[in-house]
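The form predicted on its own is given below as one chain in structure tokens.
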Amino acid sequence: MSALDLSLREQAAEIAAGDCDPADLLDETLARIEQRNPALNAVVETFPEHSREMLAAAPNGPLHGVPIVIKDEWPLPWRAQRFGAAELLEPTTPGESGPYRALRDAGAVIVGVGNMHELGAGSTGNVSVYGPARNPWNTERCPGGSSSGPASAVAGRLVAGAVGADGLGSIRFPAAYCGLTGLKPTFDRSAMDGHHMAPVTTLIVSGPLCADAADCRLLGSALHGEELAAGDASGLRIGVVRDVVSEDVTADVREACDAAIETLRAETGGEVQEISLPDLELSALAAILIINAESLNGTTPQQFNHLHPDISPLNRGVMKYRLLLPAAAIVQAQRVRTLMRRRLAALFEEVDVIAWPTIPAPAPPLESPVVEIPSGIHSADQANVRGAALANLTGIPAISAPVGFSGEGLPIALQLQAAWGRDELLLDAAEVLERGNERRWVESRPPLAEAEPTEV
């Protein structure tokens, strides 16, 4: 087996033991990107010389010599971020972003930049100045967004780990669509310096996308700047909300997620409680209002009259719509945030995690990103945000873990959410879930990723 087909932690261990030459691994990674990426459009730029320079200077950290893809949302010393867009309202410049420094200090090698949904404004990944990223399980399907390229790169085994960003679900959606594990950390716990919204955002976080929870723990520790130590999830109290987020989903999704919740209960010796969490719809609306208001930082009406013609019509409209947001609506959104934080604080006295499907339906077609669920046909964006926005609005951590496949062979995922600062518990629970299903889902690979490894 090629070292590139090993897990993130196995790559790191083999390099540390001297059983794998990191220079060879880097060359193999670049060769595989060249081989597989045309079918995926997951990686929009590589820079072999800069990657080799990173490797030459890499300290003996926990990720020494391990290749990583980073989302097109942070600057690198040799490249400015583009956000998957033809142009940004504010100019960007190369620089040492927080995620870059975290990876560098852990000894990792940034091997490429991952594609993303244009301006981060979508859950599907089907719109980008680079062209759409594609799902390795079916390249005519959406890989999820906005961290579309990082997820596609890991699922296609171009790399074993990637850094994404999550403002309204943008790590969890692509993790779910591509059959990966994705952690949305507690707000302000992971590296964010250099992100153009870092000074103003109250929702966006960086986070890991990997094949399984242990790899997310390793990469997430680098991004957090501290070890996400393994703990004990015994006696886990699991809260289940019987609302649209768990009921208005496809039959395949409901069946897989219900089975996963039961597996988690049985493996931890815990219990499942039905809980009430009113106003979930309001929490999604509040998060959308806040992130749109925060996106106005530093912009002027004049800038919106000179948008680049290659920015998609939808985003052109959304950007101008932000100017019409009434201040009273933002104030109300902040009140909803306070209300939901108080409710969650009380709820997490009764349960340890909240569980519901990450996505209501598997990955839709790139050409028509709509889903059919019991309530009707909806855009994927409209349906997805209902179950994802709460974690961003309130700042709590959340994780998406693969739990099955649809009848069409597309991944299905369960989302777990925990109290503020309990990122480690979510990783513990995800690892228990993996053991309970004998790692069936985390070790499944799309046909594209089962191709013969590249020789160097």
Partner chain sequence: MSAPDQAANFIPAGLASLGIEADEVELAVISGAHQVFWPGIQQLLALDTRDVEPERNPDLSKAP
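Numbering follows the first chain given and starts at 1. Just so it is clear, the structure is predicted and the values come from calculations on it, not from any experiment.
As for the form predicted in complex with its partner chain, it is not shown, yet the points below apply to it.
Asn305 is the sole member of Ser234, Asn305, Ser276, Thr93 with a non-hydrogen atom lying within 4.5 angstroms of its partner chain in the predicted complex. The single contact residue among Phe83, Tyr100, Tyr130, Phe187, judged by any heavy atom lying within 4.5 Å of its partner chain in the predicted complex, is Phe187. Heavy atoms within 4.5 Å of its partner chain in the predicted complex map, among the stretches 175-183, 108-116, 324-332, 69-77, onto 324-332 alone. Taking the partner from the other structure, its partner chain in the predicted complex has a heavy atom within 4.5 Å of a heavy atom of Thr394. Contact annotation: Ser375 falls outside 4.5 Å of its partner chain in the predicted complex, judged by heavy atom distances. Contact annotation: Trp420 falls within 4.5 Å of its partner chain in the predicted complex, judged by heavy atom distances. When contacts are judged by a 4.5 Å heavy atom cut-off, Gly317 counts as touching its partner chain in the predicted complex. For the three marked residues, Thr202, Leu289 and Gln382, a heavy atom of each sits within 4.5 Å of its partner chain in the predicted complex. Along 340-375, a non-hydrogen atom within 4.5 Å of its partner chain in the predicted complex is carried by Arg341, Arg342, Ala345, in order along the sequence.
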